[in-house]
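The form predicted alone is given below as one chain in structure tokens.
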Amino acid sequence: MTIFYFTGTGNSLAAAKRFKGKLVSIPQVMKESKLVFKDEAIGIIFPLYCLNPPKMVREFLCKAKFHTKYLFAVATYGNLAGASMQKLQKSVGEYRYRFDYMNTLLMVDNFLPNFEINEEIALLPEKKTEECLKQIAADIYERRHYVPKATKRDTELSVMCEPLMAQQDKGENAREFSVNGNCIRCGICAKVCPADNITLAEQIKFHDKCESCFACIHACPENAVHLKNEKSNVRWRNPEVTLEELIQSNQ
């Protein structure tokens, strides 16, 4: 089994590691010219931003060719999933394939403009992440076919988020990032960026290819990178993922 993943703060990588397949970083594989993959089972694991897969994941799904008997997708999210999976199934239909299994996994929400990290960590027992992950893994092991149905409210939420997604896709969100005097110029922010959007010269410079994953903010060892409107000064990296794993995934 081959599992392609996109991760900013480790949530999706932590989930991907539980499926015991060959792990392939989407930011890394997108650097290749030929995106044709063959395996008995292939999975795509990614976070939801604005109730949609990250732009790079959508580009990967557009360009890739999968030769497999079983194709599945798992999206990690922190608050609401909306009609994300139903929209994704419809969009990949344009590329002449479809997912056999789709599901979502509720985890810590690290979207700093809306959520306080300590409060999110406190909510973990209610989210039953481990229980849900075990069930999804069992479903995939048994090659179950399943696509969740979207409620009217789910669809309405996804429609509401479309302008936010369009703005995010411009890649300009890093313009709102700032670096304070704590910065020691270690370059970790650039190393964990999946889009090569950060350069380190006389100062940290953010460009216009931002995926809005916030990896640079959460991974900074000195808590030097900030959002103007962040709700929390606390940072999050999934405890099952090391900083080195994030760097290897995204550098």
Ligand SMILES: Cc1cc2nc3c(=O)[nH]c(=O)nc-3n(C[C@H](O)[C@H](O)[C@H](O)COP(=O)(O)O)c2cc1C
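Owing to the predicted nature of the structure, the values given are computational and were not obtained by experimental measurement. When you see a residue number, it is the position in the sequence shown, counting from 1.
Below, we turn to the form predicted together with this ligand, even though it does not appear here.
None of 144 to 152, 131 to 139, 94 to 102, 73 to 81 except one has non-hydrogen atoms within 4.5 angstroms of this ligand in the model of the complex; the exception is 73 to 81. The closest non-hydrogen atom of residue 50 lies within 4.5 Å of this ligand in the model of the complex. Taking non-hydrogen atoms only, residue 212 approaches this ligand to within 4.5 angstroms in the model of the complex.
Although the partner is absent from this view, residue 6 contacts this ligand in the model of the complex, with a non-hydrogen atom inside 4.5 angstroms. For the chain shown alone, residue 107 is a contact residue for this ligand in the model of the complex, at least one non-hydrogen atom being within 4.5 angstroms. The three residues 12, 111 and 168 all sit with a heavy atom within 4.5 Å of this ligand in the model of the complex.
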